[in-house]
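Presented below, as structure tokens, is a lone chain in the form predicted alone.
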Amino acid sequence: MMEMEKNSLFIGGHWVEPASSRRIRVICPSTEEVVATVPEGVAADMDHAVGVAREAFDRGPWRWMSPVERADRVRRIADHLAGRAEEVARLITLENGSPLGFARQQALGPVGILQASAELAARFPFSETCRGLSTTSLLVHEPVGVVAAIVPWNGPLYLAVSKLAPALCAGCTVILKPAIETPLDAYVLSEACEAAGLPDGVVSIVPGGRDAGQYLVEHPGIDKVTFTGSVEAGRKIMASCARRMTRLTLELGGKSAAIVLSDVDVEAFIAGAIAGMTMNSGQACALLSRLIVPRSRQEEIVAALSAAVGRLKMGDPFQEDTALGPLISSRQRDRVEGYIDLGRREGATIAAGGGRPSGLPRGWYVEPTIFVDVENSMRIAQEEIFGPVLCVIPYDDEEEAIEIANDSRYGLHGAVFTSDLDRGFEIGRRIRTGSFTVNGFALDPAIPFGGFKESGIGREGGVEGFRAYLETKALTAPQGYEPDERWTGGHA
């Protein structure tokens, strides 16, 4: 394959020369070959992006357009991406190793997010009358300002659009920093924003490393930071934002538990459990990486899981029947293999996997691995591995199962598998997580997503996620005053 080369950055709606000669080498995880080079954004590029975003927000037309007008531009972005969905899917497979079938979901999912955000914004009450004890107030929901959006490599376009879409619909201007591992799909997103005819300064997309991201977070021209990534990076960003009271949304890690109740039909639950363990080769924060099973049925469940995992095809992610691709990098593979070795040292037993697949000499592959004889206090059960590693933990009664599920510093996602849906919802109410699924592994971008505890602050998706890009202002007058239509016309 001929190496792709990009030489410009998308800043404020225009293609511009980068401020430095630094380059990002994009390496295909399945072949370990360099497949593209793109400019690496540095502090001067971030200054440029923030400057034009600040000007566009403070003096440009975007925030003063009606929600319907903004929604129309956002739909144009969606239409452009929809027309290039197969191209985007192949770029995602090339840059992060996702099997093509899953990459297609990652390409089409953002189209749905953009459309859903546009529909929500068009009907959202940006202004409403509130009667106080002795006053009448007009509550106006205004855009928060200039947004810095920082996304990781594991779901690059999906996560980028989950931040960009609501921010734009709310009337904000945005600087998006993709991860250096996965900048290629971001170029298509830039071209979609260009084709949509957004006003100057509204969107900049600047790939860069951690230093560039931290510089952006600390920039005095930023009003809000939205970040998806590790807890450690989230803590650092939160500390930086605290100094200036910068608004903040954090979507961080997880160690989600799936509780299997004793009445479960094993054959019916296997597909959901495997999806929850292996999606994106285990590189997803919401994965079900702890399986809490009745001790009396553990042997049966582990046998079924091991057989199902053994049937998954691992290999070339461009092959249509591949279920598992490589990990993103050699460093990530080293991390996952380090945890597998740690699990052995802690006393856990490998029931399936545990090594590198045969017949794949190139690419950063790790077999899906199932551990048994796991205690919830073990590091492999408490720390986010970010790879296809499942810990099976037995319980004797449901109270113990709930206690095990909640015994985690994380609280992002969870699930229960049962033949009794009412019982499943009852269990779900008692698990301290931001989302919870009964009988499956499902994430809906129109439903709020985010975490309890160390899994983050705030929500993305739905009305709750949209409100994160708004500030509320109360315009108050004496009781009896009726706000004029000029002030309630629906503008943000």
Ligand code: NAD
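Being a predicted model, the structure only gives us computed values, none of them experimental. Numbering starts at 1 and runs along the sequence shown.
Not pictured, yet referred to below: the form predicted together with nicotinamide-adenine-dinucleotide (NAD).
Please pick, from 147, 285, 168, 103, the one residue with any non-hydrogen atom lying within 4.5 angstroms of nicotinamide-adenine-dinucleotide (NAD) in the predicted bound form. Spelling it out, the residue with a heavy atom inside the cut-off is 285.
nicotinamide-adenine-dinucleotide (NAD): the contacting residue among 93, 228, 408, 278 in the predicted bound form [heavy atom, 4.5 Å]: It is 228.
Answer range among 369-377, 184-192, 121-129, 250-258 for contact with nicotinamide-adenine-dinucleotide (NAD), defined in the predicted bound form as heavy atoms within 4.5 Å: Heavy atoms within 4.5 Å of nicotinamide-adenine-dinucleotide (NAD) in the predicted bound form occur in 250-258.
Does residue 80 reach nicotinamide-adenine-dinucleotide (NAD) in the predicted bound form, with heavy atoms at most 4.5 Å apart? Close contact is absent here: in the predicted bound form, residue 80 is far from nicotinamide-adenine-dinucleotide (NAD), nothing within 4.5 Å, heavy atoms only.
Taking 4.5 angstroms as the cut-off for heavy atoms, does residue 243 touch nicotinamide-adenine-dinucleotide (NAD) in the predicted bound form? No.
Would you classify residue 388 as touching nicotinamide-adenine-dinucleotide (NAD) in the predicted bound form, given a 4.5 Å non-hydrogen atom cut-off? No, residue 388 sits far enough from nicotinamide-adenine-dinucleotide (NAD) in the predicted bound form that none of its heavy atoms falls within 4.5 Å.
Looking at the partner-bound form in the predicted bound form, is residue 338 within 4.5 Å of nicotinamide-adenine-dinucleotide (NAD) by any heavy atom? No, residue 338 stays farther than 4.5 Å from nicotinamide-adenine-dinucleotide (NAD) in the predicted bound form.
For a quick check, can you give me the residues of 144-180 that have a heavy atom within 4.5 Å of nicotinamide-adenine-dinucleotide (NAD) in the predicted bound form? Read in sequence order, the residues that approach nicotinamide-adenine-dinucleotide (NAD) (within 4.5 Å, in the predicted bound form) are 150, 151, 152, 153, 154, 177, 178, 179.
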